[in-house]
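To begin, one chain is listed below as structure tokens, in the form predicted on its own.
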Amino acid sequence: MPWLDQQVALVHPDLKIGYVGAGSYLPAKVLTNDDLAEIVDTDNEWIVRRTGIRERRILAEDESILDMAVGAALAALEDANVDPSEITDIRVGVNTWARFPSLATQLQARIGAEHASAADVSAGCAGFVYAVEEAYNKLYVERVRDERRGTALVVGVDGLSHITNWRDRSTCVLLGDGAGAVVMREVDSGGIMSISTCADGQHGDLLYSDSVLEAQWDPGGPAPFSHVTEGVRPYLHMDGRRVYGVAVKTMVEEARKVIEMFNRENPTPIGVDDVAFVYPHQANLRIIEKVASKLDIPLDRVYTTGIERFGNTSTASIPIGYVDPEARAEPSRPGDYEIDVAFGSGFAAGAILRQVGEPS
């Protein structure tokens, strides 16, 4: 399948940039499958069989997408033992912040990272991978070109409950709210080995959200104007059957691609068998299982518990997995290779190959 707008980031072997902290934020409100059965024609058995999801977290009335981003960011900063004043760049993968200023700038203000640049990244459920790539590239260029060491904060957050049609059982059973974050900077060992991102916009009509704005003509004047259509919410729409096949194929290709990229520069090549753990985007258990099968990686080396307990949290699902205590039976070990891989609307996708470093 031809891919458009493909980008790749190759890592210089003499400069290691990686995660030094991670955190997440999940709303306290739990929406179970039985709860959903009271508002839409479904039941627990049908949802579990088709998606693997048993419950998801939903924003309370007094919570916002910004609140979740702040919660995950502060948890990651605490884990990294980094003060907000040390952050030089903030990247936020988000699809549900339908306003400006950007969520990243509002996050910057809330946590007091006054010296940081800040920008949002919109790439569907692959937004976290894209945001990590942007943060990595900025840290790398500033270090190599300007001899300046920076520290980045990358957040994946989405409030999908805000764009869910709770009468559409094909989508409402899938979606949950949440946020995850990492702190990135130069490290002595391990770190990000390779990153790949790609997109294929011709399939945009298979997974999309309605526009918040509706253009209309002013009958009294020559110029058009736009306004929010009163009483209409922007809902998410998805052709699940058609998305499934492309998602599986693309995630498998991206996982293999970051290994191939790393092997071009590595005198000791690795294979899929050398990957200790995979954090796939928690879209649907059936997709995750198929990807693992095609990669020939046993499910006990793949993050799957997130989809069961949190549903599809879009850009947040991978970083939530980093700190999920139920993510894996055995903790990571120095030297382990791990892969993050995601696929989302716009048919944007990407993967990250990382190596676990020695404790600092």
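Residue positions are given as counts along the sequence shown, with the first one as 1. From a predicted model like this one, the values you see are computed outputs, not experimental measurements.
Beyond the structure shown, there is the form predicted together with a small molecule, which is absent from this document and is the topic of what follows.
Of the candidate stretches 268-276, 172-180, 143-151, 252-260, only 172-180 contains residues with a heavy atom within 4.5 Å of the small molecule in the model of the complex. Interface residue among L139, A116, L107, A283 relative to the small molecule in the model of the complex, by the heavy atom within 4.5 Å criterion: A283. Shown without its partner, this chain lists V82, A98, M238, V187 as candidates; in the model of the complex, only M238 has a non-hydrogen atom within 4.5 angstroms of the small molecule. Looking at I192, you'd find every heavy atom of it more than 4.5 angstroms from the small molecule in the model of the complex.
Looking at C125, you'd find a heavy atom of it within 4.5 angstroms of the small molecule in the model of the complex. Looking at T305, you'd find every heavy atom of it more than 4.5 angstroms from the small molecule in the model of the complex.
The small molecule is not drawn, but in the model of the complex it has a heavy atom within 4.5 Å of I287. Highlighted residues V20, S332 and Q355: none comes within 4.5 Å of the small molecule in the model of the complex, counting any heavy atom.
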